[in-house]
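Let's start with one chain on its own, the form predicted alone, as structure tokens.
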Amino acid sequence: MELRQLGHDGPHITRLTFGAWPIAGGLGAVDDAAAMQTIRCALDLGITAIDTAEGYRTSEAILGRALSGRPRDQVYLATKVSREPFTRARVREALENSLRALEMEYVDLYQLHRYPSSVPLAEAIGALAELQASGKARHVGVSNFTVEQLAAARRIHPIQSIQPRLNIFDAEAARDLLPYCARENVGAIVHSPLAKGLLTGKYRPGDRFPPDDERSGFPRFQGETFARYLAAAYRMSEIAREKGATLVQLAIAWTLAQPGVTSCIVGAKTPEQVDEQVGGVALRQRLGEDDLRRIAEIARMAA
């Protein structure tokens, strides 16, 4: 698995990061045995960067069991404080809870899940700084910040990385945030490369999602809007077939092809899904400018 350095002085992490939201049932029920097999498959295939959060249901506890007995330095584990207020006490408590669930003494990367809404930014970033100084978080980062918010956070304390949303249908980060990260040497671990499943080729117009699946309430997965996105995804799958690849692999390759991207978080429910996703890393090398132009033109269909 290809590696890339996270930020200006961070470790080298895998180009794919295993995302733990699906194994905890965020996109529909997954039994524990399947979750454990999926995590172990990712590790066996060389994906050693793992992303979770306190808000990802039982994912931290599942990961703790799956990683038990493995040498700690064999994984790069990132988690996030999800529930506000992001006060010093709340952030410290959240990390302690995460460490217990993960059965670990420290995490490699600890992040704010979003920009704080109920406390000053300085307090939330100060909380991260204190945890980094304590050794319980090797690096600190943020998730879902704008360029301006990231710059403000960096004026308070060094920020190792950011997690923005990035996929073919949601390319805003490629226009301003990623160039800033590349220029300032901030790591970018991007999430949602498959657009919550729109770029998997699994779904058809009229498909409905069960109540325990977050997509059941998302406008993109309803009616004519859903059909429009799926039509664009079908046309992209034709490009994938020309490359001898799947739509999933094309979506991942496109994401990794964007300048400034360190790693791409991809969730999975089964070992088979992980195996398919790994193929997207190699496909990135075979995407040319003409392919990227065609993909951009198709993506505009769904806007």
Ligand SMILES: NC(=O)c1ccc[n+]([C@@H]2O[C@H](COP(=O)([O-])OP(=O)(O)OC[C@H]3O[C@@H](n4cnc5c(N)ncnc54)[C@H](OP(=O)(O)O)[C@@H]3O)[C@@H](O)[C@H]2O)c1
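Note that residue numbering begins at 1 and tracks the sequence as displayed. What you see is a predicted model; the values in this text were computed from it and never measured.
There is also a form predicted together with the named molecule; it is not shown, and the following applies to it.
Find out whether any non-hydrogen atom of Gln132 is located within 4.5 angstroms of the named molecule in the model of the complex, and reply yes or no. Result no; Gln132 lies far from the named molecule in the model of the complex.
Taking the named molecule as it sits in the model of the complex, is Gln163 near enough to touch it, meaning that at least one heavy atom pair lies within 4.5 angstroms? Yes, contact at 4.5 Å.
Quick check on Leu99: any heavy atom within 4.5 Å of the named molecule in the model of the complex? Contact with the named molecule, no.
Given that the partner is absent here, does Asp51 sit within 4.5 Å of the named molecule in the model of the complex, heavy atoms only? Answer yes; at least one heavy atom of Asp51 falls within 4.5 Å of the named molecule in the model of the complex.
Within 4.5 Å, heavy atoms only, one stretch in 133 to 141, 83 to 91, 200 to 208, 115 to 123 touches the named molecule in the model of the complex. Which? Going through the listed ranges, the match is 200 to 208.
Using heavy atoms only and a 4.5 Å cut-off, decide whether all three of Ser192, Ala195 and Val266 touch the named molecule in the model of the complex. Affirmative, all three are within 4.5 Å.
Across 268 to 283, which residues bring a heavy atom to within 4.5 Å of the named molecule in the model of the complex? In sequence order, Ala268, Lys269, Gln273, Glu276, Gln277 come within 4.5 Å of the partner.
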